[in-house]
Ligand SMILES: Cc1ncc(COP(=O)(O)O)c(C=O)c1O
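Next comes just one chain, in structure tokens: the form predicted on its own.
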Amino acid sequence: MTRLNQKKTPLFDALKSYIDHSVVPFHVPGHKQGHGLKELANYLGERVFQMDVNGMEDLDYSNNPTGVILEAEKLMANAFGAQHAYFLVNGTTAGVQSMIMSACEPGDKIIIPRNAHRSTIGGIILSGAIPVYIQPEINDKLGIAMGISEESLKKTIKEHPHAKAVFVINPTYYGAVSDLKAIVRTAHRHELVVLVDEAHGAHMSFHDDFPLTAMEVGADMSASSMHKTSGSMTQSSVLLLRSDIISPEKVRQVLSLTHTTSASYVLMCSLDVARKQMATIGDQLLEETLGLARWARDEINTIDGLYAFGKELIGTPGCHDFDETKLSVHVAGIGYTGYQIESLLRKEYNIQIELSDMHNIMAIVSIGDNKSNLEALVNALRDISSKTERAAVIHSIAIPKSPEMIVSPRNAFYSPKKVVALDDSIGEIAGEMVMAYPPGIPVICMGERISKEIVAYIKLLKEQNCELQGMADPLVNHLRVLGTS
């Protein structure tokens, strides 16, 4: 693949030219460069409002790009080793849903790990595909789901020989990576399309110490959150295509169904500039980032009762490789839940982490961090440990097994529903999702049989004040199930 000039930023340059020419705007948005929203403009500054424009000839059109947006997308594809790239302004959720809709038609089976993000269920409902859940490996000591194994994939394909696609997470929220190269080889041998959720792996292409990416191992499509780990602004992501099975025309057609016709130029420019930065100096930036993450992990592992897990997990079930920038810490050894540590860090140390669960916390270390940030986190954890009277170690709580799917998610979405008390939902078929957020992994999905184990797990999450989403009742005292009142 010919390397393009990655120092170019065609979209960003075109927008700067538009602003420099002081064009009189008789087009949307109606704030007219901030003059119609002065309070916010005074706080943010006028430049961001000048950049907030709409499609026109010199700035191209996001839903059918032929100019500077298309050129910027070609540079993005080239940076990742893809054939095509598509800018997204509705996050990787839009990319995941577009991948599923591009690969699957109504009734097609798609193999999905149970710890996939909620966006996959949205893609299944929109496409009409039938999910075949594959159980990820579970690390019982840490109480977290890892990746999937090649052996479990082979078994699932044998049981569902007519499946159309397989969906893989690379890496998981906690940094674990499946043997993606082997999975792609197995899937393609059986003529399955490989779709990869790389929401947390947008940086991995740009430094040799990171796990292999979807495009590097021959997957057909991937969706990557540039905003999470590669410097662009929130909501800006990219959809990548390198496939002999799925055509770029099909992908563009799918995107036209769900993608806004008024994509934010601020967000798209942030993708253009972030791509340039990662493609030109990303190796240097990530070398510094890895140094910080490694230092912090080593320091935390000197603190009594804490365990910052990392590359030593490689070789354990479901962990072929590991992303070291996911600074995950097992806190059960000091008698706290992860939820409690997250709350302590925010309220007493002014630190906000990315994720907490029953047993762990996770901080994302990125190209935007510095030594003082990591020192603050390490010192806070050391202080919490030193002030803690040793309570009984909280043992890992088993994650409930995948419930039985009775009705397809699409049919469940459109079926009549009734509301029942949580305790009365056992045995019923779920009419809504319940998920802990972050990471946004469903505890129960639409169309699945609710078990007593699921109800007990939901109650446990409620007791720990976990953020639960997806339900009509935000307190989860009631659930919507299939049926009529």
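Numbers for residues come from their place in the sequence shown, where the first is 1. Just so it is clear, the structure is predicted and the values come from calculations on it, not from any experiment.
In what follows, reference is made to the form predicted together with the ligand, a form of this protein that is not presented.
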Of these, 199 to 207, 291 to 299, 240 to 248, 375 to 383, which stretch puts a heavy atom within 4.5 angstroms of the ligand in the model of the complex?
-> 199 to 207
Counting only non-hydrogen atoms and a 4.5 angstroms cut-off, does residue 227 reach the ligand in the model of the complex?
-> yes
Just to confirm, residue 128 within 4.5 Å of the ligand in the model of the complex by heavy atoms?
-> no
Contact label in the model of the complex: residue 415 to the ligand, heavy atom within 4.5 Å | no
Look up in the model of the complex whether residue 93 has a non-hydrogen atom within 4.5 angstroms of the ligand, and give yes or no.
-> yes
With the partner omitted here, the residue among 119, 360, 264, 270 that in the model of the complex has a heavy atom within 4.5 Å of the ligand is 119
Identify which of 339, 322, 173, 309 has a heavy atom within 4.5 Å of the ligand in the model of the complex; exactly one of them does.
-> 173
